[in-house]
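Quick heads-up: the structure tokens below are two forms of one chain, split into structure 1 and structure 2.
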Structure 1
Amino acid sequence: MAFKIIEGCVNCWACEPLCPSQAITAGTPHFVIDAKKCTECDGAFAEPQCASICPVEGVILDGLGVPVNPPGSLTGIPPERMAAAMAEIRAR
């Protein structure tokens, strides 16, 4: 099983030096996790390092394909509130 970085990654480099398995590399259009190398931090850290520092919600998926940091979990902004604000901005 391996973690995965998907679209939305802002290429901030935060995860890369933390990975105990050197599974993360810079790429285009965004960083990638080498599924063969990722150990899910098992045995090295209690929590997967990449998902613990990543500042962007939704861009890191766990081994089951579930976002580790779902909407609202990092910013504290309720998703409904975010959606309403975005709709309002688009309407201008």
Structure 2
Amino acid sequence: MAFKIIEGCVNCWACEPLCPSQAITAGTPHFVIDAKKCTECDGAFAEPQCASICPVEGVILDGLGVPVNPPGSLTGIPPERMAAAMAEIRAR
């Protein structure tokens, strides 16, 4: 299986140079991962390099469509807690 970059990618170029299999290329409207080249960094790194550097949560999916960098992965704040905090701010 291979990873996939979806809409929401901001084309920041952070992931492209980190990919050990050179599977990531610039595309339109966002970067693309070549499924034939992507190894999911298996055996090369403990964590997928693209997901570890991506500044946008939830735009890199695994072969099952599950985000490799899910909401909360950058901030460390669980999505439920973030939603509650945002609701409190809006209520003020």
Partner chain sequence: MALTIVSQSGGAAGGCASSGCGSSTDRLAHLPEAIRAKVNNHPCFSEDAHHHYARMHVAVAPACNIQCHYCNRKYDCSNESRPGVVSEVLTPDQAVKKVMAVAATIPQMTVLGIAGPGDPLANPERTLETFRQLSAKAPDIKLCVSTNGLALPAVVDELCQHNIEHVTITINCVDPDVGAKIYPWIFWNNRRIKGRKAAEILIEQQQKGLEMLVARGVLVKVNSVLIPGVNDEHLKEVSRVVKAKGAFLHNVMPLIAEAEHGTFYGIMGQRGPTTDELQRLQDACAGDMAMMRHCRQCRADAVGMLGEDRGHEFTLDRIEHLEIDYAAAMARRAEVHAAIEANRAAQRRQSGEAFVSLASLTRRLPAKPESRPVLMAVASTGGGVVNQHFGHAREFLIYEATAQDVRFIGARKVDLYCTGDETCGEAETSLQKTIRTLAGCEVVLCARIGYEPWGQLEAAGILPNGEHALEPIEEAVTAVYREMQESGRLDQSAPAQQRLSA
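Just so you know, these numbers come straight off a predicted model, no measurement behind them. What we label the rigid core is the largest C-alpha set whose atoms superpose within 1.5 Å from one form to the other. Please note that residue numbering is based on structure 1, beginning with 1 at the start of its sequence.
**Item:** Identity of the form predicted together with the partner chain among structures 1 and 2
**Value:** Only structure 1 fits here, because that chain is the form predicted together with the partner chain.
**Request:** Could you tell me whether the Cα atom of residue 72 shifts by at least 2 Å between the two structures after core superposition?
**Result:** Shift at residue 72: 2 Å or more after core fit.
**Message:** Please state whether residue 84 has a C-alpha shift of 2 Å or more between the two structures, with the rigid core used for the fit.
**Reply:** Yes.
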